[in-house]
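Only one chain comes next, encoded as structure tokens, the form predicted alone.
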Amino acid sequence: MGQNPPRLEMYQLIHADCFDWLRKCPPHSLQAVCTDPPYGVLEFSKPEVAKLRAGRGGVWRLPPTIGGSQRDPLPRFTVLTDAQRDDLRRFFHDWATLLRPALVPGAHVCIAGHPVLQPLVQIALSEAGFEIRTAIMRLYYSFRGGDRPKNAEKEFPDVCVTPKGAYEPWMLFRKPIEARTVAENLRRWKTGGLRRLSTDRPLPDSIPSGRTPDREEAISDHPCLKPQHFMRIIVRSLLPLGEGTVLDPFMGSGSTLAAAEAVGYPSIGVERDEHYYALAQRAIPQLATLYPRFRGEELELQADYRSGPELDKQQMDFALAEKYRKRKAKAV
């Protein structure tokens, strides 16, 4: 009895700076973008990433353990100066200007954001010629905000400096359609709208989510890894007719490409950091095989969507133990 042929991967990984890559990208060659960019340029600069990986110093906030669980590092966007905010806005404007010719008319761009930085990104992309659409809210319990005044917690026990974070905005933009109507644009370019969950269920603008599961963090130790549950819903929605290629120009560990692979979309990932590029090579096929029956067509991830045999419990336990060992070694 013959074996099934190996499944051909639908994604392409490119080790490069996305600005350089976009300058050479053929026009009208991409139908969607989904990405979690390197806010705020400062956090993911080489000196700050080196400090992050060393486990000390820099602008990344390393939260203490809670209940014996090690919390992931968080970027401190509030430390950005006015000049750095101007640099961030210029960064996104220049990036969007390079991206726009590569997209077909009506292509959507979905960008993971932060409530403090969202206006800067929206202004930058609007000035580069994109339409500001809605934002999809990823609803989840985070460790952001809710803190009492620093060094005066006992003096002001009933005061919080900012609300407790419970959402992450994923901003939607669209390259203007070329036709008179969305229907005409769909016929010509296959873009202009978003894919519904089903015929009877449109995509909502808020999606209940959760923290990234341990089984996914066991595969990738990227500090900003997004859960496959959320990513598959978002990525699937960006190609309204299920046709086209999705780009992630700031690929990181490849969660966007893994979601596209699971949904069945061709995708391209660009990453300039050598460590993250190598991580994506390993992580994408493993993340894509998780929850084989979940393809982003519903909001609920059922408990019986189990991982493939290559990620059984023993392997996950081993990966988690190894991840804990490395973190403990850094703390010594």
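Note that residue numbering begins at 1 and tracks the sequence as displayed. Because the structure is predicted, anything quoted here is derived from the model rather than measured.
Missing here is the form predicted together with a small molecule; even so, the following discussion is about that form.
Residues within 4.5 angstroms of the small molecule in the model of the complex, judged by any non-hydrogen atom, belong to 242 to 250 and to none of the other stretches in 242 to 250, 150 to 158, 258 to 266, 193 to 201. Though the small molecule is absent from this view, in the model of the complex it lies within 4.5 Å of a heavy atom of just one residue from Ala32, Val270, Leu290, Ile284, which is Val270.
In the model of the complex, the small molecule lies farther than 4.5 Å from every heavy atom of Ala96.
The small molecule in the model of the complex is approached by His222, whose closest heavy atom lies within 4.5 angstroms of it. Heavy atoms of Met10 never reach within 4.5 Å of the small molecule in the model of the complex, leaving it off the interface. When the small molecule is considered in the model of the complex, Tyr276 lines it closely, a heavy atom lying within 4.5 Å.
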